[in-house]
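The chain below stands alone, shown as structure tokens; this is the form predicted alone.
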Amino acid sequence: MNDYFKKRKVLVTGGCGFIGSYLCEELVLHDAIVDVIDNFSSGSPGNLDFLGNKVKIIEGDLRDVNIAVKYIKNYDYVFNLAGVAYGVAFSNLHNAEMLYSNTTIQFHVLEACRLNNITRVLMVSSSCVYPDDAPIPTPELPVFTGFPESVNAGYGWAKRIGELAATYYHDNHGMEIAVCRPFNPYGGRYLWHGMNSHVIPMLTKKVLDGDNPLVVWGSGEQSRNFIHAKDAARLMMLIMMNSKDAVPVNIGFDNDIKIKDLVKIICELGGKKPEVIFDKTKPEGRFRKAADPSLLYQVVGNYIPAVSIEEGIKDMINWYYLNSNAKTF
């Protein structure tokens, strides 16, 4: 990345979350001047303690447009990671909240950037924008192809609207906007939300908590491409550098793993041998989710992920034990 971010003033909304904290870490490593806005609903300022005074944290909820306009100014780059995002157990029952909160945040960030003459923005969308019958591996389909992922419909619609807004702000106001669609990011520094957590953190916690039998939602045959937050953060920076026309870019690859195999890895690395029960009465989402990385490679080059699924699970296990005062790897 050379000196692209060196001495640049950068704002990361949602920077106290698990992806945001990895992004802040990477930006600091590249000598950026980093600020964060976060309401701490799904992140913690403690995630950035190790960076000391190299990151300034502003507490604020971007669902309030006045907060957005007040604080989102005098930056060279804005990475918008702020949003309300939980696992399918929550999303499936709270579509209205997911639609309202995420749509509102995205519009407020874009409008604050416009009003305060910030012309370089990255908007984080989601693989949930894709329909359940999307081709696999999934290329960057148009934003309104079919309905979004059914178990995350409200969240998916919000992200689609955010992408549409990014296109209009680019076309009408000349803003340079990058858009990315991450596929199932995970990693340490995650704030658990019980049964509302995302799949890897939820399974990791259930295994290490000693659940026996271990109940896993769905058949176990469903598969996902997972990407560690460190790799997601690095790719966001590369996309910010190289994409300016609001064209969405997948952050993900086509090496998906079945949930039953993921459970096996978590149990082996966690040193647990529970009886595993797959509950087919529970929603499992799309049967397979994997990204077509062709456009990603065009934008960022032949990127090779730094964190394997095994190393990523070790990171999650370490995070679990660090938060329960137990041993780590």
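The structure presented is a predicted model; accordingly, all values stated were derived computationally and were not measured. Start at 1 and count along the sequence shown; that's the residue number.
The form predicted together with a small molecule exists for this protein as well; it is not shown, and the discussion that follows is about that form.
Annotated contact segment (heavy atom within 4.5 Å of the small molecule in the model of the complex): 74-82, selected among 213-221, 74-82, 161-169, 241-249. Scanning 198, 234, 120, 94 against the small molecule in the model of the complex with a 4.5 Å heavy atom cut-off leaves one residue, 198. With the partner removed from view, the residue among 225, 126, 138, 152 that has a non-hydrogen atom within 4.5 Å of the small molecule in the model of the complex turns out to be 126.
The three marked residues, 18, 42 and 182, each reach the small molecule in the model of the complex, with a heavy atom inside 4.5 Å.
Not displayed here, the small molecule is kept clear of residue 26 by more than 4.5 Å at the level of heavy atoms in the model of the complex. Although the partner is absent here, residue 62 lies within 4.5 Å of the small molecule in the model of the complex, judged by heavy atoms.
Remark: residue 312 does not count among the residues lining the small molecule in the model of the complex, judged by a heavy atom distance of 4.5 Å or less. Taking the partner from elsewhere, residue 105 is found to have a heavy atom lying within 4.5 Å of the small molecule in the model of the complex.
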